[in-house]
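Quick setup: one chain, the form predicted on its own, written in structure tokens, and binding and motion questions come after.
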Amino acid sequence: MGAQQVRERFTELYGAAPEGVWAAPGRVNLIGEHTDYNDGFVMPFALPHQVTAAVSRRTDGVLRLHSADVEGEVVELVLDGLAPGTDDDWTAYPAGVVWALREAGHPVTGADVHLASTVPTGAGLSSSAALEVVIALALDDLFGLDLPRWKLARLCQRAENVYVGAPTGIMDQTASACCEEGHALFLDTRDLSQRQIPFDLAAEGLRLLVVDTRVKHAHSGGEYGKRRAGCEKGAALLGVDALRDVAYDGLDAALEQLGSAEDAAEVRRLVRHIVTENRRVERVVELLTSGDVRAIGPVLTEGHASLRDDFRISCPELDLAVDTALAAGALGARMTGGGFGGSAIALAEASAVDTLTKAVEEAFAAAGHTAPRVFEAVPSPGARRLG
């Protein structure tokens, strides 16, 4: 649904044209998985898939929400009644952003909102962050808050962590808010410093494919939280603020410090993944900066092995997508996102796209899996006002 359609539907719902229309994209994380809540490095880029929102201000303390993608009427919420844990529906994400803005002292007095999304849900492509960011950006504009993008991302993360109850890091919201077209975002999640790294695959005769396995996951479920708690335990045992502080060349000593007892095995695996993954992000930055784009392929594949074997968040469908893509000629492939389903990515020569796509589709059919959705990921603009 385009901006004009969203505008027209808003007018039908609320009886007047919206004050504006905004968009915020989903994202693909090129490399740097589960490092964000460990103060580490990540490297996402924005997708052309986005959440679009038509919004107008209210002054009566009421938030009215409607989505083209969810069956049902307009949902009406009273701002003074917003509180963490009171909503387990899709409305928790936009309501959580309003709650976070108001809790931070920003004078948001209500809004009418109509939403439409092309970001696949449950695919590990940050549909929830896109929803949060588009609301935050619209309200920032309408209420003249003049907040920097990084601060909007922080408030959106707080909405998801506290209001929704999903223990996610800062990457997804920052990617949606801050990415630039034709670039990947090298983000240090400790201080939120950013570098836009040129990532023009078409100019190199390359493509990056996303394989949405259609296996759904929920970050607010227990497994994601267990991994985060395990990382925090590892940092505490090593006497550091976060696993970011364990140097790559000091990894062996850190693992030895954790000991070899059976109850330490899981923490050792988690620590090893985070430390090596931070180094993989740095390697990809170095390779892209030097123009050696094809050489990032093996680094992506290394990342998948680490997520599969050390972090243990892959699944049969993700492994099949990665293994099949590599066998069909991909330069590199890995799962992307929080894990336990979602999507994989594959870097390939442009000439190999059709062959690779067919191989993945046939492999899923042979295994009896739901047919995957395969599409090209093009580095796209971050959140913006459309009109």
Ligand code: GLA
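Computed from a predicted model, the values in this text were never measured in an experiment. So that there is no doubt, residue numbering starts at 1 and follows the sequence shown.
Beyond what is shown, the protein has a form predicted in complex with this ligand; the following relates to that form.
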Original post:
Contact between G230 and this ligand in the predicted complex at 4.5 Å, heavy atoms?
Top reply: no
Original post:
Would P120 sit within 4.5 Å of this ligand in the predicted complex, counting heavy atoms only?
Top reply: no
Subject >> Contact flag, I170 vs this ligand in the predicted complex, heavy atom cut 4.5 Å >> reply: yes
Original post:
At the 4.5 Å heavy atom threshold, is F340 in contact with this ligand in the predicted complex?
Top reply: no
Subject >> Output flag, W22, W99 and H114 jointly within 4.5 Å of this ligand in the predicted complex, heavy atom basis >> reply: no
Original post:
Going by heavy atoms within 4.5 Å, which of 343-351, 60-68, 28-36, 315-323 lines up against this ligand in the predicted complex?
Top reply: 28-36
